[in-house]
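Next up: a single chain in structure tokens, the form predicted alone.
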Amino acid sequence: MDYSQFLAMKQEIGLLIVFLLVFLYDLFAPRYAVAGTDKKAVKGISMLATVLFAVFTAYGFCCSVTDNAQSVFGGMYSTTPVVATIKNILNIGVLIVLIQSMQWNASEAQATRRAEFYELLFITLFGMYLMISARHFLLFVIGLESASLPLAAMVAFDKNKYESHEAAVKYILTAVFSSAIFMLGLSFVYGLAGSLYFDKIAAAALQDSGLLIVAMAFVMAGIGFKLSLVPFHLWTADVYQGAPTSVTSYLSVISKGATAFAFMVVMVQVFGQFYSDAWEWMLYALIIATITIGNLFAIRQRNMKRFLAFSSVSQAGYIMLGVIGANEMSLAAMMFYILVYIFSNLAAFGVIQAIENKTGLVGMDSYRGLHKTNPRLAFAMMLAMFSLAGIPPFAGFFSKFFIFTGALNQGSVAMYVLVLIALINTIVSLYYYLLVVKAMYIAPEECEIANFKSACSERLALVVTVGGIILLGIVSVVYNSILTMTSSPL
């Protein structure tokens, strides 16, 4: 075996170095006594993990500029400028999550398990990297499980709360069943094609058969769980509500973005020539159901985390428009959509986390009159809602515009109908996003949330996310750069 092949995995190796440095610091760093207990906690782990990951993120952007496409380990692993760019986009989201979580992780409740949060998070991100770069289903499954199993521990991080335990049980059970269905589908694919390599399956010229249709259905169901597509979304609201807010924000954007890109790779490189005959119409129906049901259920929510859970279900449907477009413009639009979604959704979760850390309140009714007591938080939440709803001139408008344009570029009548239904659903989403703005700015009641000063880390994260929402709607060079890059192969 030529061990020099590992040098192609620059981002994975960089992430492992960050993980090992955090792990070693956790083992050997000086500790202090936790007030009121006989336990001890490590000093400075949050700052170290955040700074190291910030350096790693900058390193990732440097690598993506200079690296060429490479395929190693017999073609099981592949990296291209496009693959490196989507990893860098995910890194931006993870860095914002790390900054947002510093105040929560500094609490006494987290004192004895701060390092574990970062270690588990880096392991899940490593698994997502493998999913994105995998060109063989064995490596894809390894990445999928590496990303899924540690997330169950992260969901259960508030071990003294019943809701966190319940959320973890629901997540792990659903993850286990979805993985079993996914691998059952892979066994059918292997039986038909005699290989698990993406290119060999595509070159096998499989005959359209009932077994192939079932295999594709099982594979899409397994990936649909990670994306929260209807009807595989039932875990989402309970898990988002029960998990710590930092974990919820990570689940809502990073996991979804990585899975969407991996799904597109599978659809384009493996099932591209088969799904149009067998599953194209069902995938259209899946997208319509995901957008519509996510919107309708979001209207009914009064808990902000459950509200954003169903919002994320709907957003997954919009992301899928980029997946089924299967062209360069759709790929660029999907990557830009994920980037904008990271800033918009994390801005909303940043406000929720700042308020929850200070008051423990997460109900929408508690936000009534928020602009009177905390105008800056209300302003940040308003911009996040406007961007998620797709109101110009904010970034969310352009992300939706590009993803609709990329889908219409396919040119089929069915796609025009699909985009029309998605546009109608955008009007529905505008209604429930504006419910939050109405509560903060128009409701006559006095706000339950008194004026408070949020932590420096929370303010920094909000400045970054709000800046991203505004700048990505103004600066066109970001989308143009991504579009130019997608002319190279996946």
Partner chain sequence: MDFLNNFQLNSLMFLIPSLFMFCCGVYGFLTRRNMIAMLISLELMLNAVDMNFVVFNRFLCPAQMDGMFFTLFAIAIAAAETAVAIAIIINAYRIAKDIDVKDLTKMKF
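Nothing here was measured: the structure is a model prediction, and the numbers come from that model. Residue numbers count along the first chain shown, from 1.
The next section is about a form of this same protein that is not shown, the form predicted together with the partner chain.
Interface membership of I142, defined by any non-hydrogen atom within 4.5 Å of the partner chain in the predicted complex, is confirmed. Using a 4.5 Å cutoff between non-hydrogen atoms, Q241 counts as a contact of the partner chain in the predicted complex. Mapping the unseen interface onto this chain, N160 counts among the residues with a heavy atom inside 4.5 Å of the partner chain in the predicted complex. For T359, no non-hydrogen atom is located within 4.5 Å of the partner chain in the predicted complex, even though that partner is not displayed. Interface residue among I293, L286, A168, I324 relative to the partner chain in the predicted complex, by the heavy atom within 4.5 Å criterion: A168. For the options A180, M282, A204, I299, the residue carrying a heavy atom within 4.5 angstroms of the partner chain in the predicted complex is A180. Heavy atoms within 4.5 Å of the partner chain in the predicted complex belong, among the stretches 360-368, 89-97, 160-168, 125-133, to residues of 160-168. Heavy atoms closer than or equal to 4.5 Å to the partner chain in the predicted complex belong, across 177-192, to the residues F177, S179, A180, I181, M183, L184, L186, S187, F188, Y190, G191, ordered by sequence position.
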